[in-house]
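We've got the same protein chain twice here, in two forms, each standing alone as structure tokens: structure 1 and structure 2.
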Structure 1
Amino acid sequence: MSRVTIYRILVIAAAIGILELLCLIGTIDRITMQAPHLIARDLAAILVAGKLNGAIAKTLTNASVAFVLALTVGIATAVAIHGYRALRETLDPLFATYYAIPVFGFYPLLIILLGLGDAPQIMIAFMLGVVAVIVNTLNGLDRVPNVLKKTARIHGMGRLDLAFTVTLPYAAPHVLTGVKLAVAYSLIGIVGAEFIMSRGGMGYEISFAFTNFDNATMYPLIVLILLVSITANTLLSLWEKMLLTRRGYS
């Protein structure tokens, strides 16, 4: 275990310990929040009872669909526009300011276009994640050495062969940065959309629990979302580290 990892664990443990102490001595009252050990107990009880399995499955399934769409469309778009200087100069300012757009404001329009159900929520999450994938993939493709491209062309590789066998593998660490962001944005998009207008999913259950002062449901579900996001990003970070190690960067 690296020193940085140990420091991270210590910081998290210290934060949880301080929160536990504040809850136990009454600085944070029980109506506001229960102690972390009680949140862990309530989360275990929810998972064992299985009463919210449907809501959990709905959120994670929709987030996975949005993530796959963002990843597929994002990488394909980056490969398609990379190398076209005029197009890049046109789109780069739009990519740079994209996240200033209130994406959730499009939710009523998406309901009109896609109807009630999961589709508008998935589209919101997709819209949040896709640009992160595009920008980071373009960033990686920009760093591919020209000698690799010239060698590939000498061997008669077409545009798709060049992308799948040379440029994308070389740009993989940068692509993985976009992938990590897409994971977080997909979860944020789905949960946020479920808050706004949904009759199911973890976002709806958290919102319902909040309005009913049901901390035993609200905080465990929030922790579960955090655990899913942290686990996914940790695995991707390990993969990224392996790629960089193989290339001699660590």
Structure 2
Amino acid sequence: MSRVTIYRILVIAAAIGILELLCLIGTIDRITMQAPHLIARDLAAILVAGKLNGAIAKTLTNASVAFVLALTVGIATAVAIHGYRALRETLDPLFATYYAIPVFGFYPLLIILLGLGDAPQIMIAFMLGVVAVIVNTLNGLDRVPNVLKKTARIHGMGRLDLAFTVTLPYAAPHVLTGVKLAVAYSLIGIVGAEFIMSRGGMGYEISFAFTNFDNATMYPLIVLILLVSITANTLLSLWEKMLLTRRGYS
């Protein structure tokens, strides 16, 4: 383990330790927050009892669907528009200002259009993630050296072959940056939408627990969301690191 990794673990452990201490001596009262060890115990209890499994499954499934949609639509769009300069220059301002748009503002409209089921939530999460995938994929595709494309042509590759065997693999580290953002945005989108208006899911359960002063449910669920997001991100970062090491960046 590198020194930096040890420092990072120490920082996190210290933060949890301080929180634990503040809760134990009563600086943070029980109604505001439970001590970290109680949160861990409650989380284990919730998972073992399984009464929130449905909510957890709903959130993670919807986030996965939104993520896969953002990924496939994003990559396909990037590959399709990559070669068209005028089109890209037209779309550039949209991409550049996209994340200034509060997408959640459209949620009521999406509910009207798509109904009160999972669809508008998935749509929100998809809309949040897709442009990050497009922009990062385009960025990677722009960097593919011409000589690699020529090599592919010399070996008889058509446009689709070229994308799958040369340009996308070359752009993979950049695409992965988009993928990491899409994972985060999918979770944000789904949980956020569940918070605002929904009949289930982790966001709904958190907000329900909040209005009922049910800390034994609220904090464990928040921690669970954190764990899911951090785990996904760590795995992707490891993959990214492997790709980059192979290419001589380390």
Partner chain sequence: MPDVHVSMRGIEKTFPASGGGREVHALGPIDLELHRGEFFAIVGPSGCGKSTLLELIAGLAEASAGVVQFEGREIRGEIADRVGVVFQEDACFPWLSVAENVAFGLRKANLPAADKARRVDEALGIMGLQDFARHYPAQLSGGMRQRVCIARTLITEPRLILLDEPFGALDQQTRLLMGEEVLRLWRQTKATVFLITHALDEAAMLADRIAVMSARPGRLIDIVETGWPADRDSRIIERVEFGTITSRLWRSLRAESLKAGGRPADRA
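All of these numbers come straight from a predicted model, not from anything done at the bench. Rigid core: the largest C-alpha set superposing within 1.5 Å between the two forms. Reference numbering: structure 1, starting with residue 1.
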{"query": "Index of the chain form predicted in complex with the partner chain, chosen from the pair", "finding": "2"}
{"query": "Exceeds or equals 2 Å, Cα of residue 117 between structures 1 and 2, core fit", "finding": "no"}
{"query": "Shift in Å of the residue 156 Cα between structures 1 and 2 [rigid core superposition]", "finding": "3.0"}
